[in-house]
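Next comes just one chain, in structure tokens: the form predicted on its own.
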Amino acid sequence: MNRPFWMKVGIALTLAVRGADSSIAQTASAHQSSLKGKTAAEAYQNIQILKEVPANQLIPAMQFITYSLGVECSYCHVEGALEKDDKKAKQKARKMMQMMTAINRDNFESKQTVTCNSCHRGSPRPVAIPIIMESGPKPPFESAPAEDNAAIEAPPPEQIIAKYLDTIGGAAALAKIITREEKGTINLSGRTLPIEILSKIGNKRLTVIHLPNGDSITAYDGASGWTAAPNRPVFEIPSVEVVSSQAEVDLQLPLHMKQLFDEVKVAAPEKVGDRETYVVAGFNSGEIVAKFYFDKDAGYLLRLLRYTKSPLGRNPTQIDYADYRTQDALKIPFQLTIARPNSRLIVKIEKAKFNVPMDDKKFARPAPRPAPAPPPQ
């Protein structure tokens, strides 16, 4: 807790993708080279629940718990000794996971219907007695996409996406965009920092946040991803997060909706702020993986809500798009608000350029640093 503010910022920005505090991340970084092909029990010490899940899905599972309970990893784990069972909360968490698994197995054909969040709703202790609402609207229920598009008063998804394409400049103009370079600022906890975002077709994106003590980096190369913070080891982004991020990093997204998803459906219309929207949902293997909110009148994409699958539930990431401006005959958002259950970042773009030459090496994971030479004898 005594780290300098800028070091905390670097760790926080990097861990926003990882979904873990520094002690969990350090352990994952130490093991990441040996995670592939292994189960959680084979890669980590003292795993008693979730033994058979792939090792690289353990961090997303821990992320889901922190989101659902509104806590950090140290709530259950001993920092620096994650394998220890000293804390009662860790032992209780194991029992709760067993209970959740049994409920879903016995009542919902082992589907992830009941999760940690079903009861906790962001609190370490579930509230047993209904809360009396003093003022303001009740929180909305998540709307499920209709099985039949005709059941919802909305155009078919192809028509909604086509309108969005026309609004931003047309399919032909978008197809010409191979790369995009953006520079601006990001606001984190009241601090404004310089940011650069490089995007390239093929689901490649490099985000660099300039801190006084170095750069915080998040990168996707089309097949994998990695993050790094000043004075921290490079960390591999879990494969489930890489898959989920495709809807966010695809430079030509509206042209590729059919390739990204097995099925696309309309969902019940919702509001984003004061704007009425049409909602389009993307499915893979019968599960919803992303929702797109298009302005009913203007046609712009106002929000993307994507889900990262974990062994315990789905982790949401929400991106709100605003301040659309014309850049080289194509309209793009100059403001992005990126929100997760435990964080909220606002990116304001100041300059944008298309088709800037970009070497694929920019997105590749850097080679490990050589070990320091031993001191002279």
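Don't overthink the numbering: it's just position in the shown sequence, from 1. Just so you know, these numbers come straight off a predicted model, no measurement behind them.
As for the form predicted in complex with ligand HEC, it is not shown, yet the points below apply to it.
Stretch from 74-82, 258-266, 294-302, 192-200 whose residues place a heavy atom within 4.5 Å of ligand HEC in the model of the complex: Careful reading of the contacts points to 74-82.
Contact label in the model of the complex: Lys90 to ligand HEC, heavy atom within 4.5 Å: The answer is yes: Lys90 has a heavy atom within 4.5 Å of ligand HEC.
Ligand HEC contact at Pro126 in the model of the complex, heavy atom, 4.5 Å: The answer is yes: Pro126 has a heavy atom within 4.5 Å of ligand HEC.
Residue contact check: Ile288 to ligand HEC in the model of the complex, 4.5 Å heavy atom: The answer is no: Ile288 has no heavy atom within 4.5 Å of ligand HEC.
Distance check, Ala171 to ligand HEC in the model of the complex, heavy atom within 4.5 Å: Heavy-atom contact with ligand HEC at 4.5 Å: absent for Ala171.
Contacting member of Ile186, Val208, Val234, Met100, with respect to ligand HEC in the model of the complex [4.5 Å, heavy atom]: It is Met100 that has a heavy atom within 4.5 Å of the partner.
Contact residue in the model of the complex, chosen from Gln48, Gln335, Ser343, Thr326 - any heavy atom within 4.5 Å of ligand HEC: Checking each option against ligand HEC in the model of the complex, the one that comes within 4.5 Å is Gln48.
Full three-residue contact with ligand HEC in the model of the complex, heavy atom 4.5 Å, for Ile178, Trp226 and Val243: No, the whole trio is out of contact, none within 4.5 Å by any heavy atom.
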